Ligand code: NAP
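Only one chain is shown below, in structure tokens, and it's the form predicted alone.
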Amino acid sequence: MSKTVVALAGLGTIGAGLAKLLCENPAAGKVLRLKSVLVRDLSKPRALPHGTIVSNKASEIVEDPEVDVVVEALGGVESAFAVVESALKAGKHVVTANKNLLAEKGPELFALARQKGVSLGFEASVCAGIPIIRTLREALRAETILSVEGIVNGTTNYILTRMSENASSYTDALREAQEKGYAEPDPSYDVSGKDAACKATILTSLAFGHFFPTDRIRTSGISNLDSQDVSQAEAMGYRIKLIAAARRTKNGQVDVEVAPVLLPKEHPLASVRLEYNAVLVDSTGLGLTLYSGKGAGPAPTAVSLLADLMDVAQGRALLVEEENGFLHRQENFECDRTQLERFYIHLSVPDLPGVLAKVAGVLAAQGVSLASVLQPEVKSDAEGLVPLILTTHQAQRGRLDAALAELGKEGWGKGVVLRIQDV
């Protein structure tokens, strides 16, 4: 039996991890052969099998007629897109872990893969240590999915865990995450929620059958949270988690959001700690199903890439079908501001008599009633502001936003607004 010939584009941390697996995994060795590797710098020493071709020209590996499948491990979008597009046009199967590429260029690439009759494997693009892509594409293909929500970014989950369990400040928790390699030197892509939004695009497109552009997903991160928010949530019986959520609305549309949320401690996602990820799927037949594991890192990512390669080698790789969600753009997905939910609000207000009454009055004028009020006894800051922490009864987010905009006219800082989710 001839082996499936692999070309690997990129030999960074992920690419090197995959190359190592291809050499050491017995099952892989029986059906796969790494022939060539694309690198930027030919002068660097490489730990590769004897005879492996090392090139800095994409065309040399992509256009090789002997190559059956190209693995894209370059990262970024433009260079990765050029390699993947060329590979697909040449009739090669492609495997990638590049969530940014799929979130931005997915419709074009899946349409091209369908046209050429080849597969585009992307299990490693979301929660690499959890087979959530495979689950949505295969195990749940006969289900009607009602919602998908998950912790899909290990950096933010590590930070929030440390803030919760160790009473660390955001700054200290971030520094620890960077020291352990869970956060980049510039963590903005993760802590802003942008990484999770790219993954939400992929999951939502699979779960609901339409492509959801990342730039249209409401996205907020965790950098404006402080230890007081986390400790107050704990005292109320909740934990704060950055959640990527997509759900069907009453109107039959799909509402997608990435934001920190207060989860009850008994919620399945509330106990997911440190760098671990988890995805909770609600479907009509199975109800709630939970998928959890290490979401990122060289080892889990390489394992998922290898699984996709094995599928190609053994004839199990899925071709792109007409109903593939990336082929159908969702033009009218809903930004639902009308459904009733509870909220946690952390404002900065003047330390003056009558302020609480005014805040309550502005909220009441929009139909937002208060469930609890906490004004910690702390000294005012340099601008004369003190924290005011509120929780609401069920209210429409649109009305709450209108009230906060009205309060903002006073020059009071709009602080933290988090959805409170019940089990």
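What you are looking at is a predicted structure, and each value in this text was computed from that prediction instead of being measured. Rigid core (definition): largest C-alpha set, two forms, superposition within 1.5 Å. Heads up: residue numbers just count along the shown sequence, starting at 1.
Form predicted together with the named molecule: not shown, discussed below.
Only one of P213, G75, P107, P264 has a non-hydrogen atom within 4.5 angstroms of the named molecule in the model of the complex; which is it? None of the others qualify; the residue that does is G75.
Select from the listed residues P185, G285, P353, G252 the one whose heavy atoms reach within 4.5 Å of the named molecule in the model of the complex. In short, P185.
Would E377 count as touching the named molecule in the model of the complex under a 4.5 Å heavy atom rule? E377: no, not in contact with the named molecule in the model of the complex.
Does at least one non-hydrogen atom of S79 fall within 4.5 angstroms of the named molecule in the model of the complex? Yes, S79 is a contact residue.
Please tell me whether any heavy atom belonging to P268 falls inside 4.5 Å of a heavy atom of the named molecule, as the geometry stands in the model of the complex. Result no; P268 lies far from the named molecule in the model of the complex.
4.5 angstroms heavy atom contact with the named molecule in the model of the complex for S119: No.
Residues in which of 222-230, 159-167, 345-353, 92-100 have heavy atoms within 4.5 Å of the named molecule in the model of the complex? Every other range fails; the passing one is 92-100.
Within 4.5 Å of the named molecule in the model of the complex: residues from 282-316 (heavy atom criterion): Heavy-atom contacts within 4.5 Å come from A296, G297, T301.
Aligning on the core only, does the CA of L11 end up 2 angstroms or more away between the shown form and the other one? It does shift by 2 Å or more.
After the core is matched up, is the C-alpha of K180 off by 2 Å or more between the shown form and the other one? Where the cores coincide, K180 still shows a C-alpha shift between the shown form and the other one that is 2 Å or more.
I want to check V362: does it shift between the shown form and the other one by 2 Å or more at the Cα, with the core superposed? The answer is no, as the C-alpha of V362 shifts between the shown form and the other one by less than 2 Å after core alignment.
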